[in-house]
Structure formats: C-alpha cells, structure tokens
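In the structure tokens that follow, the same protein chain appears in two forms, which are kept apart as structure 1 and structure 2.
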Structure 1
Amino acid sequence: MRETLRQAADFLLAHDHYDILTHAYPDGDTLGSGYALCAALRQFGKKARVITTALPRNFVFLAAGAEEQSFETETVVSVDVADEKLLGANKETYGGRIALCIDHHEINRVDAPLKCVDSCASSNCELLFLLFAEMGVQVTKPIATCLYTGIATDTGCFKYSNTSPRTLRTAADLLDCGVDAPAINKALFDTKSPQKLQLEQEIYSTLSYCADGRCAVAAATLDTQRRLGVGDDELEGIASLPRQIEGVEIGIILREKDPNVFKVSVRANERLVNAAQFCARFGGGGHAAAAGCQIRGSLDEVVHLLQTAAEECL
C-alpha cells in the first residue's frame, strides 16, 4: 500500500487543474474526501474544484472556504467512487476520463490508469489521511473537519465493524488538529428534522420479513417522499434502520429514485452474509457490511427478488 500511496502522491503533485468527482447521492465520506482533497491541492498552488450532483444541507459546512475557481479541466480524480455508473448525471461528462481513482470499496470497477484503493480502510477519508502524509499536506482544521466527517459517517460514529485501531488513531490525530467532534456528531447523528421522523415512521410501516425474520425489507417510495417533502438530507442514514431490529441479519432499504427504479441499500451481518457480494448479484457492490445496487421493477417485484436472494444467502 505504501508504494501505491507514493505513486498517487507523486501524481497529484505533478499535475494541475483538477476536477474531483464524488458519487451520486453523496454522503459524508465522498464529500469529506472531495473537499479535503480540494483544500490539500490548493495548498500546493494548484487549481481544484469538487464536482458533485448535490450538496445536502447537513454537509454544507464541508465546503466552507472552497471558493469556486474557473479553469479548463486537465486532470480528473474520483474519490469514494466504486464504479463510473455511480457518478450519476456526471457520468456523461466524465466517463472514461478518470486519471486517478482513490477508493476503499472491496469491489472497484473504475477503469483508471492509476488506482489507489485500500479496502482495509474504514472510509475513503481514512485513506486520504495516509495519502496526505505522503504528499506533505498540512492538515489544517478545515481539512481535518472534512476527514473526520467522512470517517465518522462511514463508521456510524465508530460503531461499525470497519472501525479499526488505525481508524481510532486517525480520528485522534484529527482531533489534535482542532476538530469539533461533539458538534459534528450531534449534527449528523443526534439531530433529526420533523420530516425525517415522519419518514422513519412511514418506512417502518412498510417493513416485511423473510428467512424466519432474519431479513427485513422496507421502502421509501416516490409517493412517500413527495407527500412528506423530504430530500437527500432526510434520506441520509435511513439505510441502517432495518438492521437495528433484533434478529435481523440482512436489512434492506429501497429508495425509489424514478418510477419503478429503486436504489437498494443493504446492511448485513458480515459474519453471515457479504453485503457486497449480495449486491453484486444485481450489478452493485460496496463493503462486506454495507453495499448497494439499483434494480428496476415494481415495488413488489423488487422486494420479491431481494427476499429470494436473502433466503438463499441465509
């Protein structure tokens, strides 16, 4: 891994005019990675900007200080993107143009000349912390805030099994840089809007079980989202809801993106089921404990497909 980090560091220091790509429906890790890398590159006098499909309200603070820069793109880097199709609306513009892929997913299908991938990292931001050390980046408070946010969100505030001793040491180093962890943790994990509470109630009402209660599936349909007026802010974090139920080994949330097009989020007991391999059946991927895919069909059809697969796995 050290050699790969060195290659990535040399590449980033040798080029300029960066477009940094995040994945669609961005979370704290891809956005934290994007804005941390943008700030790091600007330390070396380089031009860089973050390209994202959205900036959810609860993550706006990550973009503080990232003033817009105008330039002609020379170098494209992706962060926390396991597959080009996850670029969403940006795939048409940037597909086939990624020069460096920085990622931590177990399955990575990005076709890039240079890839810096560490599936042992809890998050892409943990990997970036190591990369920044190779580059000689000064980890300022804003950069540390971005990195901490990515690590905290991808580890469930350090609750998930991907939290390693290195993860905790990295978080401690970031706290030494001035990160206000209590404020970030409260905003991201302990604060819910009234709309989100309503959404969770609706989701729980759709729960169905299979495999003797060891798999739970729930959905947020387009009708529900429109009726409640919820956006990406409220939808963040709902993937973990079914897995919190006692006895559930595979928790699945369906989010209807377009009519009969569902974004599927899977959370699993990785000792029994590999979520990435489960989602790979449907063209997706991710991590052993958390993964996703996209399936077309009616709600009943998609639920049946997933429950059949879960029963086979369990």
Structure 2
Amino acid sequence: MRETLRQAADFLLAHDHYDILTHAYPDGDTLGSGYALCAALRQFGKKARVITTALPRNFVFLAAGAEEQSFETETVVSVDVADEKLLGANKETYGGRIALCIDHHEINRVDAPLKCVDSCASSNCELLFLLFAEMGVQVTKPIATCLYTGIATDTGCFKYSNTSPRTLRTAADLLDCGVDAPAINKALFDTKSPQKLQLEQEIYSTLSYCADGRCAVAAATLDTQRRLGVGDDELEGIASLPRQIEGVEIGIILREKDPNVFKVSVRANERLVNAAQFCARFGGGGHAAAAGCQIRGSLDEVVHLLQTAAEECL
C-alpha cells in the first residue's frame, strides 16, 4: 500500500488543472474527499475543482473554502467512485478520462492508468489522510473538517464494523487539527427534518411483523411520499428502520416507485439469513447484510410474498 500511496502522491504533485469527480447521489465521503483533495492541491499552487451532480444542503459547509477557479481541464481524478457508471450525469463527459482513481471499495471497476484503492479503509477520507501525509499536505482545519465528515458518514459515527483502530486514530488526529466534531455529528446524526420525522411516523404505522417478530416489514407508499413531498434525501436511511427493532433479524422496507411497483430494501442479521440470497429469489441481489430487489403487485400482495419467504428462511 505504501508503494501505491507514493505513486499517487507523486502523480498528484506532478500534474495540474484537476477536475475531481465524485459519485452521483453524493454523500459525505465522496464530497468530503473531493473538497479535501481540492484544497490540498491548491496548497501546492495547483488549479483544481470538484465536479459533482449535486451538493445537498447539509453538505454545503464542505465547499466553504473552494471558491471557483476557471481553467482548462488537464487531469481527471475520481474519489470514492467504484465504477464509472456511478458518475451519473457526469459519465458522458468524463467516462474513459480518469487518470487517477482513489477509492476504498472492495470491488473497484474503474479503468484508470493509476489506481490507489485501499479496501481496509473505512472511508475514502481515511485513505486520503494517508495520501496527504505522503504528499506533505498541511492538514488545515477546513481539510480536516472534510476528512472527518467523510469518515463519520461512512462509519455511522464510528458505529459500524468498518471502524478500525486506525479509523479512530485518524479521527483523533483530525480533532487535533481543530475540527468542530460535535457540530458535524449533531447535523449528520442527531437532526431530523420535521418532514423526515413525519415520514418515519407514517412508515412505522404500516409496520407488520411475522415469524414470531423476527421479520418486520414497513412501506412508504406513493401516496405518503407525495403527501409529505419527500424526495430521495429523506428516503435515504429509512431502509435500516425495521432492522433496528429488538428481535428483528430481517427488516424490510418497501418503497413504491410507480403504482404497484415496489423497490424492496432488505437488511438482515447475516449470521442467520443472507439478504443477497433472500433478494435473489425475487431477481435482486446485494450483500449478505444489505440487499434489494423490485417486485410488482399490490402492497398487500408484495408484503404477503415477502413474509412467506421470510418465514421459510427463519
């Protein structure tokens, strides 16, 4: 890994005029990575900008120091992008042009001449912290703020199994750089919009259990989504709700995409049930703990189908 980091550092120091690509539906890790790298490159007098399909309201603070620069793109770098498909609307412009790919996903399909991928890193920002040390970047408070946000986002504030001792030590070093972690944590993890709260209420009101309470299913119908005016932002995160209930080993959320077409998100205790295999029954897939599929039918029919499958598994 050290060798790879050195190569990536040399590359970044040798080139200029950077477009830094983030993935579509950007989260704190890809945006934190983008704005941190942008600021780091500018420390060396280079021109750089972040290319993103969106900058969600709650992440605007990451872009605070990155005033616009105009220049002709020479070098394209991607951060936290596992596959060019995930560039979304930017794929057309940037597909095939990535010179350096920096990522932490276990499977990375980006075809680039230079790749710096560390799947042991909790987050792309944890990897960037190592890369910055190799480059001799001064980790200022704005850079540390970006990196901390990425790490906190991907680890659920150090809750998930991707949190390693190195992750925690990196976060400690970032706090030493002056990050206002409590404010970031409050905004990311302890703040709900009244809409999101209402959405959760409505979803919980549809909750039904089966298999002696070991499976729970809930739904966000089109009607609910329209009435509350909630978008993808608010719908993020709801997939984990049913699995949080004590005793639930398979938690299922249905999200009606079109009339009688449901996007199904399954979260499972992978020691008991493989969520990917469960979803494969319905033509879907994913990971052992989190997977998805799509099913057509009325809400009652789809719930019944999933509950029958869950009872067979448990």
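Not measured: the values here are computed from a predicted model. For numbering, take structure 1's sequence and count from 1. For the two forms, the rigid core is made up of the largest set of C-alpha atoms that agree within 1.5 Å on superposition.
Undergrad: Only one of structures 1 and 2 is the form predicted together with another copy of the chain; identify it.
TA: The chain shown second - structure 2 - is the form that fits the description.
Undergrad: Which single option from P259, D176, D212, P194 is at the hinge, given the motion of the rigid parts between structure 1 and structure 2?
TA: Considering the domain motion between structure 1 and structure 2, the hinge residue is P194.
Undergrad: Superpose on C-alpha atoms and tell me the smaller rigid part's rotation against the larger one between structure 1 and structure 2, in °.
TA: That works out to a rotation of 24 degrees.
Undergrad: Once the rigid core is superposed, tell me how far the Cα of R243 moves between structure 1 and structure 2, in Å to one decimal.
TA: Reported C-alpha shift between structure 1 and structure 2: 3.7 Å at R243.
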